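Let's start with one chain on its own, the form predicted alone, as structure tokens.
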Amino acid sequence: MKRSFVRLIPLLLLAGITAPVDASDTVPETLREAFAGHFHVGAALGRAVIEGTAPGVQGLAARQFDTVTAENDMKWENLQPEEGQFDFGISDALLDFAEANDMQVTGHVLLWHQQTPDWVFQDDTGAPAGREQLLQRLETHIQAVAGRYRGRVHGWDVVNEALNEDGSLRASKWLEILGPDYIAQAFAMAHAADPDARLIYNDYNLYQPAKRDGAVRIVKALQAKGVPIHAVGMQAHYGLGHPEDLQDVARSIQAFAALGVDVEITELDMAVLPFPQGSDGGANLDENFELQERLDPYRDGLPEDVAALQAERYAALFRIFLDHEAVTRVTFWGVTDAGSWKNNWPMVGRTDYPLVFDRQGKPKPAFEAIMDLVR
């Protein structure tokens, strides 16, 4: 009804008839406008976007999104590559960009088993660090990073990907040296560094029941200790065929909401390429497969029928998000298909189309499909 009224306005004016136009009668053109009042919509920004060297992408992000995350530049190896030597140049630029465009920032990430320098887990001789030394390093890093952005970063992915697919704790160096309470230690340190920041546990494949149950145990353990946790971050590196049943996503949202925490969809993309045999279909960076031509079928462009399937899939997923008040943020992992990490994972050199803006920054059918849900 609203769209029909807007289309009539030019005809009315030509006929010499004027009509008042209320703001509620306009059709939203951007994601940040369309989903205002439902949840925040954001994107992960890579260094080229933050620095403004990816033509047009920074402006596209500023128009479309109201929250941003650094794709890599707030991870430990970039912020503190050597002990005591911090480099905040790119993360400062991200904060400046976000504040200039009325965007929230989610910090990603304070503790992860990947992209953490080896020195973090070693003593001065190269032997494994002891518990107290590693705890001190973790606290120093969190105080330096979260403390620097206190009051400016809206929330933090405090711990990332601590679970195996069966819901047990991953055998990382954090677990090996600190023991299973390292998660609570990290959350308590993050809260001390910025008491007003939202604190998030973030992981992939949380739609799977066993891994969902593992995340539920983490939340309950933190709550039992009185350690703040505000949200579970459900990474959403999905595809046309997985999850097989999108209601598994809904069931996980409901399970986390029942614990009294919010749900943030933190790393959304929808791959159109088939996964190689042996991949878990999530975001395990240890997976690295040799490029196979048969698994890279769309090098010359995305076929219309595949784009239509992707649009249908995105719309179904956003219907689930809209149906659950616990969902407070949805962040795409990238802005355009050209900059998506899925072009190089789990095979380097493929051509994937996982986002809602194409390689030229133009809206795809998937963009229109999700916008139509709230127009």
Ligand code: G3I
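If you're wondering where the values come from, they're calculated on a predicted model, not measured in any experiment. Start at 1 with the first residue shown and count on from there.
Just so it is clear, the following notes concern the form predicted together with the named molecule, a form of the same protein that is not shown.
None of 138 to 146, 217 to 225, 182 to 190, 160 to 168 except one has non-hydrogen atoms within 4.5 angstroms of the named molecule in the predicted complex; the exception is 160 to 168. Gln115 is the sole member of Gln85, Gln115, Gln247, Gln254 with a non-hydrogen atom within 4.5 Å of the named molecule in the predicted complex. In the predicted complex, at least one heavy atom of Gln235 sits within 4.5 Å of the named molecule. Interface residue remark: His108 is counted as part of the site for the named molecule in the predicted complex, having a heavy atom within 4.5 Å. Using a 4.5 Å cutoff between non-hydrogen atoms, Lys75 counts as a contact of the named molecule in the predicted complex. Interface membership of Asp262, defined by any non-hydrogen atom within 4.5 Å of the named molecule in the predicted complex, is ruled out. In the predicted complex, just one residue of 323 to 338 lies within 4.5 Å of the named molecule by at least one heavy atom: Trp333.
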